[in-house]
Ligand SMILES: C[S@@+](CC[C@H](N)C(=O)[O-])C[C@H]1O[C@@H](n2cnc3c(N)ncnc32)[C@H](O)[C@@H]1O
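Consider the single chain below, provided in structure tokens and representing the form predicted on its own.
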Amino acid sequence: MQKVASLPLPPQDALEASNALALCIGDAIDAGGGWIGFDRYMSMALYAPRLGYYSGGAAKFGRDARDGSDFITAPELTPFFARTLARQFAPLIAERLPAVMEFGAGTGRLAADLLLALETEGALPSRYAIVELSGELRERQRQTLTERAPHLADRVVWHDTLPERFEGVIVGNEVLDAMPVRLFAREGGRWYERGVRREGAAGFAYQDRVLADAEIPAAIAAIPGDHDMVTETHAEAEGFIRAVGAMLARGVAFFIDYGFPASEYYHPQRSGGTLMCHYRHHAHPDPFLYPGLQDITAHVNFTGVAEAAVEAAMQVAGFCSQARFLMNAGITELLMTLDPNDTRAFLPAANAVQKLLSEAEMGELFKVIALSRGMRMIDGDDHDAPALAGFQRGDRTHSL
């Protein structure tokens, strides 16, 4: 494997685990006749049992490279993220939606802080379900809950598959971006699927396979022009949304992630695609570096998410930027419960909230989409759920 000059070298035991995963991926390539789709490679790199990035023991989530992590998420950045979500969730829980389900719970920080905030709001769920495949992450989540919310930890249950039926509030923060994507390249007006082949003794490289017209996914076949470009499609994430729709009998699902509507995702100026890797808080474009030790991600096509939701008999209840959602739901009001004169407490909290809201940070790139089923979220007397405050201003559902 070729080391990128600016990236730190992993410890020996991590390299050995990465090499073991590379051998497994190589075997899959051999079994596939010397080629596998990038989605298969990404799936193995992230989720291969015991060796994949999310199924292994890497630290993943944290504040900086010194704690061995690769990136920071909003719940790790500030508890005001969870407290603001709680303000949105509390009226829904009060309207006979007593359970919460979280996908991609990471360290368990969001679960712990949400439970504490919902307790403050007087809207504790009877059950908090976490869908988690990684045994290592489950243990980390249990530890976080025990440390941060010990009196509420017994409300949490874990699932490794979706239950058949669920009523309640669903939340997924940075879940969809970690689902495998297919890669496609258009060169000279012709579409190819970009897959993976072996290179050298233990390395990998891209290899394109020409597509017949009937094999070209509709999402990219509709891209105008004939300019050269690389892009992704999101069949797995969209299939996941349909599965959520089949499970959700009544409730609202909130997904928070970075991405765009299709008109922006497949814009001619986005000719290099969105695939990106994260290792020790460095972003770089090489998915073949240190398999199993780095995150591989792609931005979310929220139009595809919305279409999959509608196919699954859900409604798009709202879509807007993270900044607009958090401000609508009252994050600045929560921040002002701190004393501005206590600079040692107020300034770090204000700086963290600013990162969530700033267009130059997470505020614009991250979006929030709400998908509902069996709910009528309207104001007035004739309703069975309150309006979603997070989308009252700046809703962009029309852009999907």
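Everything numeric here is computed off the predicted structure, so don't read it as measured data. Counting begins at 1, following the sequence as shown.
There is also a form predicted in complex with the ligand; it is not shown, and the following applies to it.
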| item | value |
| --- | --- |
| The ligand contact at residue 232 in the predicted complex, heavy atom, 4.5 Å | no |
| Contact test in the predicted complex: residue 103 vs the ligand, heavy atoms, 4.5 Å | yes |
| Contact label in the predicted complex: residue 174 to the ligand, heavy atom within 4.5 Å | yes |
| Contact test in the predicted complex: residue 133 vs the ligand, heavy atoms, 4.5 Å | yes |
| Listed residue (179, 312, 152, 277) with a non-hydrogen atom within 4.5 angstroms of the ligand in the predicted complex | 179 |
| Residue among 251, 75, 259, 292 with a heavy atom within 4.5 Å of the ligand in the predicted complex | 75 |
| Non-hydrogen atom within 4.5 Å of the ligand in the predicted complex for each of 54, 137 and 240 | yes |
| Interface stretch in the predicted complex with the ligand - options 217 to 225, 124 to 132, 196 to 204, 303 to 311, non-hydrogen atom within 4.5 Å | 124 to 132 |
| Contacts with the ligand in the predicted complex, stretch 183 to 216 (heavy atom within 4.5 Å) | none |
